[in-house]
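The data below hold one chain only, encoded as structure tokens and taken in the form predicted alone.
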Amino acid sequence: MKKIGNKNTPPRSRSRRKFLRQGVAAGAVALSAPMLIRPAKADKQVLNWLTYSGHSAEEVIGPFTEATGIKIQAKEYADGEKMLALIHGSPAGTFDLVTSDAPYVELLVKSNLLQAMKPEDYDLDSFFPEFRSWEQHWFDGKLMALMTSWGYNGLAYNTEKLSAADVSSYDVMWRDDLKGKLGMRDWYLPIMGCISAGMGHKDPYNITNEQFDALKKRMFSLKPNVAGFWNFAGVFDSLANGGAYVIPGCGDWIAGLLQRANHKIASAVPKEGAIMWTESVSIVRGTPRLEQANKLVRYLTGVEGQTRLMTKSSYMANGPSRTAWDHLAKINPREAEMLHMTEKEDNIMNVLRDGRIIPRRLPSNQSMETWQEAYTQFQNL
């Protein structure tokens, strides 16, 4: 077996915008086409992985396959609802692993789809203390997921049009001079979470029906300023070409990509707080490739996998491993700075510890469908 080395992220030859467009287009085709993955029952050296865009790219997973001989057959998706549809709509045994946002781990556990994991199988000592026992990953004392990436969704903005003071509050989105310059993502959960936080809700997804009605009214009042609702590539393009000056539900994960291309874009955690996103890997119950699946989990949570996940071409991310943070700071200090993964006072861990990054959850007192319907209504105003 070859040793997995600590190499820098490989060079990226394709243009960022082309990569994003192709990735989103491929995802759309994948979601509309019949399921192409088939359980590799006889082949212990093939892992079927349901995951987010870009995770199975050669730049991320290449060293793992080279070192272990285990090939990755991935099905990529764009948001939690699509993940649930894919895993529930596929034959048992289709997937060996699934990567999901932490709130959706609970739904997968309730559906009895996940295999309990042994903490001693992984190097949790390399993680920041907060992530060794992340609440949304443990159920009845059993570890059901491990975090591989995380970040925040606050505001991404054009630094030539808006200042850091301007974006210190979500109130900026209602400014009269931003008519037609406010962008929106096409996913309800982060956008509505940001607006709810901006209204002063400390737990943005745990609100009463009366507060939810007020949230809808507040959200609908934004429509005169909205330039459009975009997928990932559309958000990238609108910030790059000036179609939008500010977009909620965004963070360093996209601002860093734009900074790589020398665009004057930054991200901010408003005073009301930003919404945390996480990506967590789980092992699917009943996989006949448990040993191989554990090898992939160890890679994704180790220094090599972490560094490559944090700096991948599809979108950037923070990582839960302190060891990987230190490694990135040594080999690529510019990107560590982009991700606020430094020893500076305003580093992303300090912001999380100050309570200004709020873990994302699913709605508590209304159904997911009710929130989705409200967002669809907003889009169609």
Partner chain sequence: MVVMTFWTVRNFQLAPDFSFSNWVTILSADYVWDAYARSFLGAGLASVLVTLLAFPCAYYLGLKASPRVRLIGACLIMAPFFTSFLVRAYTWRTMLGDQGVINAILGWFGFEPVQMINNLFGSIIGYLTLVMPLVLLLQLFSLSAIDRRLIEAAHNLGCGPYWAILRVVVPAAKTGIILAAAFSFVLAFGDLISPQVLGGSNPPTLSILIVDQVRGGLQWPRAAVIAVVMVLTLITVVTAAMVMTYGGNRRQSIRGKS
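Keep in mind the model is a prediction, meaning the values are calculated, not measured. Residue numbers count along the first chain shown, from 1.
What comes next is about the form predicted in complex with the partner chain, which does not appear here.
Proximity to the partner chain in the model of the complex, taken as a non-hydrogen atom within 4.5 angstroms, holds for one residue of D166, E106, D186, E304, which is D186. In summary, among the residues Q115, S126, S238, T159, the only one with a non-hydrogen atom within 4.5 Å of the partner chain in the model of the complex is S238. Partner contact region in the model of the complex: 186-194, out of 118-126, 186-194, 268-276, 139-147, criterion any non-hydrogen atom within 4.5 Å of the partner chain. Every residue of the trio K223, A227 and G234 has some heavy atom no more than 4.5 Å from the partner chain in the model of the complex. Residue contact check for Q366: none of its heavy atoms lie within 4.5 Å of the partner chain in the model of the complex. Although the partner is absent here, G200 lies well away from the partner chain in the model of the complex, with no heavy atom inside 4.5 Å. In the model of the complex, the partner chain sits beyond 4.5 Å of every heavy atom of L290.
In the model of the complex, the partner chain sits beyond 4.5 Å of every heavy atom of A214. Within 4.5 angstroms of the partner chain in the model of the complex, the stretch 78-95 places a non-hydrogen atom from each of D79, E81, L84, A85, taken in sequence order.
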